[in-house]
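Have a look below at one chain only, the form predicted on its own, in C-alpha cells format.
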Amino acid sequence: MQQKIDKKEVWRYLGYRGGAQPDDETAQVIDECIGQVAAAAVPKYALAWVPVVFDQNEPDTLLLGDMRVASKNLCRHLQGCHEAAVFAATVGIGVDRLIKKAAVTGMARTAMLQAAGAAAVEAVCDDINGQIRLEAGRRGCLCKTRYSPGFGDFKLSHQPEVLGMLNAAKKAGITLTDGYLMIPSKSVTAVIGIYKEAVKDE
C-alpha cells in the first residue's frame, strides 16, 4: 500500500498559503512528485510509553523514563502530565535517494520532492498520534500536542538518548549524524504528554 500524502499539505510546504494554488502545469509536476515519494516511502516507527517525573530540586528539569532533560519549554509543555509517549517515525531511505537523484537535474523538482517527503512523514506522525490518542483514551487520559527535540530549549543533543530508548536504529532504521541530524532525513522524533485532568495545552 502506498503512503498517503496530502496534496494541500505539500502545497503549503512549497509556500502556497492563503488559498493560493499552483498553476495547472506546476500542479501536474507536484502530483508526479507526490506519486514518486508515495511509491518510494517505507514508513516505520518506534514507540515507547515512559513516566514523566519533574525534579523537585532542579527547576525546569524532568525525567522522561531514564532520560534527564533540562528544558523550561518542555517542562511547561508537559505540565500536569504523568506519562509521555515518545516516538520516532520515518518514511525510509528510499525517499532520500529519490531527492538526491533529482538534485542533479533541477532544484524545482527537488523542492517538490522535499515537500512531498515532509508531508509524507507528517502523515505517518498523524497516524501514530491517532494510535496514541486511542490508547490514552483507553487509560482514561488525554494527550498534549507533540513536542520534538529542537523545539525551544529542548536541545537536539538529546536525540541520541531519544533514539536509544526507542531502539530506533533496529526498529525503524533511524540513525544520526555527528550534528544530530537524522538519517533518513524525512524522520521525526517527538514527545506527547499524557494527562488525566483537563490541563491547558501550551
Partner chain sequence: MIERQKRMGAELLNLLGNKRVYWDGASGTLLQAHGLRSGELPETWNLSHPEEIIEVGASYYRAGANIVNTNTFGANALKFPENLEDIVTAAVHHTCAAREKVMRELSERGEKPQDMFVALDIGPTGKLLEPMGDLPFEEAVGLFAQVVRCGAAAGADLVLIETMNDTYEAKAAVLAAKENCDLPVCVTTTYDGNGTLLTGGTPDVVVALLEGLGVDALGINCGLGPQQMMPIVKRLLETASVPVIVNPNAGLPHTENGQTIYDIGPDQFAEYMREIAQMGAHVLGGCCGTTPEHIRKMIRVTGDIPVTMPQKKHRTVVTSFSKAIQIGGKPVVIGERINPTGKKKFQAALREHNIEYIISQGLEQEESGAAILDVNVGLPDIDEPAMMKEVVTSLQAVSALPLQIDTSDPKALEAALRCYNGKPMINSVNGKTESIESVMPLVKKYGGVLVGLALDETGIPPDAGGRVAVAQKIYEAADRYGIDRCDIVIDGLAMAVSSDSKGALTTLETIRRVRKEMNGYTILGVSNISFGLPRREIINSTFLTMALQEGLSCAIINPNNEPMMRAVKAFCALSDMDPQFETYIGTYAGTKADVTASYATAGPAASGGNAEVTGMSLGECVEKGLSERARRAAQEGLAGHESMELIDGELIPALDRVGKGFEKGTLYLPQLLMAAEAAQAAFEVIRESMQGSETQTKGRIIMATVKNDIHDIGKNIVKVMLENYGFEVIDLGKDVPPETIVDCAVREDIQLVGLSALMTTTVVSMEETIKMLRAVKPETKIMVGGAVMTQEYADKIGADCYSKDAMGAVRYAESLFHGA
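Residue numbers count along the first chain shown, from 1. Bear in mind the structure is a predicted one, so any value in this text is a computation, not a measurement.
Quick note: we don't show the form predicted together with its partner chain, though the next part is all about it.
Q: Would its partner chain in the predicted bound form be within 4.5 angstroms of a non-hydrogen atom of every residue among Gln79, Val121 and Cys125?
A: So, no: the whole triplet misses its partner chain.
Q: In the predicted bound form, is there a heavy atom of its partner chain that lies within 4.5 Å of any heavy atom of Arg138, even though the partner is absent here?
A: Although its partner chain is absent here, Arg138 would stay clear of it in the predicted bound form, with no heavy atoms inside 4.5 Å.
Q: With the cut-off set at 4.5 Å between non-hydrogen atoms, does Ala111 touch its partner chain in the predicted bound form?
A: Ala111: yes, in contact with its partner chain in the predicted bound form.
Q: Taking 4.5 angstroms as the cut-off for heavy atoms, does Leu14 touch its partner chain in the predicted bound form?
A: Yes, Leu14 lies within 4.5 Å of its partner chain in the predicted bound form.
Q: How about Gly106 - does it come within 4.5 Å of its partner chain in the predicted bound form, if we only consider non-hydrogen atoms?
A: Because a heavy atom of Gly106 falls inside 4.5 Å of its partner chain in the predicted bound form, the answer is yes.
Q: Among Leu142, Leu62, Ala38, Leu176, which has at least one heavy atom within 4.5 Å of its partner chain in the predicted bound form?
A: The option sitting close enough to the partner is Leu176.
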